[in-house]
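First, one chain by itself in structure tokens, the form predicted on its own.
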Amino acid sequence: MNFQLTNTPLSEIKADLEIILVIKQNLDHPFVQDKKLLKKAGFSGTQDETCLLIEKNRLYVGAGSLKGNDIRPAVAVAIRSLLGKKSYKSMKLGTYLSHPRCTATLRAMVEGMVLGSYTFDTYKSKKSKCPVKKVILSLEGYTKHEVSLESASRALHNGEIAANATNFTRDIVNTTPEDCTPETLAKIAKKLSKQHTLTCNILTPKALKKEKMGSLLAVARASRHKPRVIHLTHAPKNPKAVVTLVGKGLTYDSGGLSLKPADYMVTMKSDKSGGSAVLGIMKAVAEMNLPIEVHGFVGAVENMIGGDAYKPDDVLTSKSGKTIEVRNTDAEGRLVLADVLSYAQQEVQADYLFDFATLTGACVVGVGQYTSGVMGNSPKVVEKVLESADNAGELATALHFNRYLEKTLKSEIADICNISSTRYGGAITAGLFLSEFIDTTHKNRWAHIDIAGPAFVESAWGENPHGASGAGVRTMVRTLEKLSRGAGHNGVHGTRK
């Protein structure tokens, strides 16, 4: 999809189709040229409602407000409605601004178009691609607010990068476990490093043993696909901050010997969503060339069953030296993250440390399938993530730690147990487990983002299609953009150890 910005009025622009957003069901606005036809068609302009007037070559879509969180899904739904309609190869839109000189809505429009045009048809014999190749955005506005061509271009550029990185992540997550193994994730990382200004280091099983990643290696033991730990680095000169990202990359999770029921095993290719998000974020960081140092770590592992599988009742020794009593082999993601978090902190002293994981079904039960749970020891760091999520149009909420749930992870035979002694508060107890592997330097610089709900949903919602959503990518890109402007710096500049 090729974007073009212009000062030319909409009436003078030639395109196969014009998309018109109807804001707050206002059919009397001058942008709305077909009021009578729309009313005849029963179109009122409610959020995400569409009406294609074929004879006029105009597609109307409703948006509840000029806020990005309404504009983005509205535009995505409009684009999605064009899938399979091959005659619309070019389209035009006006500019929708919520405030003077504010480009947030423009960026949301661009993101909506890129995200809405996404299809995953790798395994289909009949492809269904978005026909739109060219999008002309006129600075003629829905409101009287004005924006410069320069700031509009920057919003378009960053929105396109963030959305493309999200689609890149979706592709990885949607790929089947047979085609996307730990080695495959490592190859994707290497390819990223060659395409962009990133350095890449891959730890193979021999190196993982040397690093004493006992809990990660135990999870990987029964799989024929050997584990990898990926480390990608974006390192500009004189960075304004140093940020570490860690992702859970379970390319498939059978549950291990604590085998999942058959229905729960379907879609477990999505258990690599956290690691895939880290790869997508690193792609965006490199393309934006942000003036901050960013390290992306991915624990790429497959959790299978077999004669060599790790077992309930095993006691594992993690990289940090802490011993872990295993009471459920399906609580494997936290075992992988424990070692990768320890390794990441060993390699980099960061101003901020964020991890992403489809960690618990409990998070989905607690906050629903569209929302991520954000946890950490510092309310300020958690709030940064929540603010960025809101700006990016991703749903997230804070889940607070407490000392009573922390006690439920006590083990009688090891330093800690990999599951709690209570069936309640599972998302928080998983976060508390991870917090045990955060060192004193990073304790108040860390946030854990449980994306188990929104990472993979089997029905289209908002700007997200069936399947992988790329959850976490846009949220973290917004966080890193803000840090690159020097906003909300932690005050302790990180350095490589």
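Don't overthink the numbering: it's just position in the shown sequence, from 1. Predicted, not measured: the structure shown is a model, and the values here were computed from it.
The same protein has a further form, the form predicted together with a small molecule, not shown here; the description that follows concerns it.
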Contact with the small molecule in the model of the complex, heavy atom within 4.5 Å, among Lys92, Arg334, Lys269, His234 goes to Arg334
Checking Gly361, Pro291, Pro312, Gly306 against the small molecule in the model of the complex, the residue with a non-hydrogen atom inside 4.5 angstroms turns out to be Gly361
The small molecule in the model of the complex: contacted by all of Lys248, Asp330 and Ala452, heavy atom 4.5 Å
yes
- So in the model of the complex, does any heavy atom of Lys190 sit within 4.5 Å of the small molecule? no
Item to complete: Considering only heavy atoms, tell me if Leu198 and the small molecule come within 4.5 Å of each other in the model of the complex.
Response: no
| Using 4.5 Å between non-hydrogen atoms, is Lys134 touching the small molecule in the model of the complex? | no
Practice item. Look up in the model of the complex whether Asp355 has a non-hydrogen atom within 4.5 angstroms of the small molecule, and give yes or no. Key: no
Testing 82 to 90, 114 to 122, 381 to 389, 260 to 268 against the small molecule in the model of the complex with a 4.5 Å heavy atom criterion leaves exactly one stretch, namely 260 to 268
